[in-house]
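Two versions of one and the same chain are coming, encoded as structure tokens; call them structure 1 and structure 2.
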Structure 1
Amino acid sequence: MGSLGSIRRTFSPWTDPDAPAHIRFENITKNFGDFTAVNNLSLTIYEREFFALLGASGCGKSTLLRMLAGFEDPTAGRILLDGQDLAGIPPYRRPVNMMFQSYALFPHMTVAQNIAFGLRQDRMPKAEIEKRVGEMLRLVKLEGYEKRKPHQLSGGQRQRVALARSVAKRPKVLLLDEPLGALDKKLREETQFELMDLQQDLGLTFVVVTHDQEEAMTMADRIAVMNHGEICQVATPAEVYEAPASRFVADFIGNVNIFDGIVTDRDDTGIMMVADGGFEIQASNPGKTEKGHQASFAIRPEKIRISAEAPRSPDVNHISGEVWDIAYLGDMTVFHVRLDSGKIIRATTINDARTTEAALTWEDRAWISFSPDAGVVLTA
């Protein structure tokens, strides 16, 4: 794990204008009758990147993955892999492999036979198959399980067998369609880090489809947030979370509070806006706003301070309300504060002291406040 952190901190080929594209989607459209699943989409993925396609069901992410795998053909546009147009190349001749959520293991075969299946199809010599299967078992930490059958394994172990089978042929690209959806929460979290380590060890490009934002944020170098067959933003997890490109992205990724209002003043240092109920907000990142125009201010719950007393600050960026709901989650407490306008604000506090006494409780009057640089101004 020591080397993984160093690698992930320095890996950013998308910032280099001369970095060659490993996978390129060029103006891809996919229609199913009258329904457009993918709409004129262009996207570049780089070699050794762990890339996530993130979005709700029906947004087109799995369709995009299936077109890359060769299971679907684009209605329009091209898909290039290392500069080669994949049009007309059948799935079994593409240097990619796909791992499905169901794992699709052969129930009558042992673990070793499942892993070796693709290698036997390629007529690899028996000695080399045995060597490769042994490598894969060590890689996914399943030594000693080679003679078991799928029904004798746990869900996490079956997932590892499917992963080992997918990478045994050493494809250039591994495609993962909701790969951890069948695992329980704790095992899913553990497997996320194992997948990250495995991807670095193998030096492969991973493209994962998921609707789980936490999964994408944990594993991916970059995330493409999709909606209705289009890409809303492509960025690193931190950028998607802290600097969403639109209201949809801000609302889709994590929890967020959004204030809508009118910009009353603007200069190079920021804006002033009046939001719901006359709430005055000062924001230090003006974005593409103009005085007199509508804008939105998005702020994450953890960036909001909540207290029983009014903050000692200028008469902006703080407002009072009634504590409406409280959720104690152990490591943090979530407060829902109902403003006089009726708007519900979500604020979180970290429980860094070992106590069961809360400073605020239901129906208390509470103040929420935040700094001018705590949120982001949105116009889209």
Structure 2
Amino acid sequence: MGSLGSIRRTFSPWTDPDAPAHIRFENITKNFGDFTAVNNLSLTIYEREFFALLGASGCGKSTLLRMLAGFEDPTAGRILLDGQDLAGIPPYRRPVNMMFQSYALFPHMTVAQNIAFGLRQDRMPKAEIEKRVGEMLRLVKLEGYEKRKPHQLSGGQRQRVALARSVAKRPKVLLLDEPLGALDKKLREETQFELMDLQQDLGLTFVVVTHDQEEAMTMADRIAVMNHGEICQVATPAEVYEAPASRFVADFIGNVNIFDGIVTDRDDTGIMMVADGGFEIQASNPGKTEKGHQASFAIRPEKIRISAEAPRSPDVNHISGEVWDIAYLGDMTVFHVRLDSGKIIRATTINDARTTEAALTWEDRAWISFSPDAGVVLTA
């Protein structure tokens, strides 16, 4: 995305065509009876990447993860790890470990025995196991808990034991299935940052499955948005947010206003379109639109300006409506403006001045405006 060049990243192997693939899904299909969980999906994940599979439940993201772990076999296609085809390799021989959504801690074993379980399977010398278990306990800040049984721990502590157990063997790839799903909101936010630090420290590749877009945006280097067993878009969080590839992605990630209309004019620098109610929108980035065809203009609420008077500059898109609802959230205020066509537009303003006086209130006439490059033109 050329227009998004301002977002700088130090780690971006996906932009390098010579970067070796770490995990490759090649044309993977998985059917359960008549149901297609994953449909002809291809995906490349790079070493040391924090990769998120994001989607609603039933979109196939967990199935993809389970195929990588070896619990399900693909119906068609192949999965490569460092160039090696994983077909036929049972889960207990894959250099991949998984942190389960339910944590799956062994209830009859202590914390230390749980963490040591995988190391014992490898017949690691006893002294080394003890050392590694100690390291892991320090890593997840659970020193002193080694003799406890899982039922004597809080939810957050169990989550950390599960994490320690899954990284104890130093796998090539760590798979995390809804790793924070069972934690409360505050703990979840803290743990998100802990997970990111841990991934940096260990230098592992993380593949996380989540339905929580905020979680994916916070932690991941790249996000694959999935729907009905297919990938809708694979991109960095900023790209997914600012340049969604489709209506589905725009709608799934964050809040968005979508204007549907017909393209009336088009050239290489932009388009003109007329949305419902005769609202003329000028947009840069013509995308794959064609003159006379349907297109949609998607714009995030924070990119819409709201004012009591019409904007002076003629080259911004603007339309008036009635203030329908106001939600004051402290750091920002959310306005719902009802256009004359009946469409409700969501706009947010940052409350950067300390004032309790609002310029706009319920039932006022208000103008909403946005520049041509504030939104994205979608055809899908």
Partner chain sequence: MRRLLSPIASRFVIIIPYAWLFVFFLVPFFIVLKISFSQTAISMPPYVPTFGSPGQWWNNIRQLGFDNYLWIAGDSLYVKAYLSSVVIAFISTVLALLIGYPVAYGMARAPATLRPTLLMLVILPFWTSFLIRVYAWIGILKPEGLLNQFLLAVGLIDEPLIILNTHAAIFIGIVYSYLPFMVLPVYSTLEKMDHSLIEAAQDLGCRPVSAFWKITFPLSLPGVVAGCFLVFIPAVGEFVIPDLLGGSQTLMIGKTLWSEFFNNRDWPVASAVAIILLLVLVIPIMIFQNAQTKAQEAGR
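As the structure is a computational prediction, the values presented were derived from the model and not from experiment. Structure 1's sequence is the ruler for residue numbers, which start at 1. Superpose the two forms; the largest set of C-alphas matching within 1.5 Å is the rigid core.
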Quick one, which of these two is the form predicted together with the partner chain? 2
C-alpha of His108 moved at least 2 Å between the two structures on rigid core: yes
Large Cα move at Ser154 between the two structures, threshold 2 Å, rigid core: yes
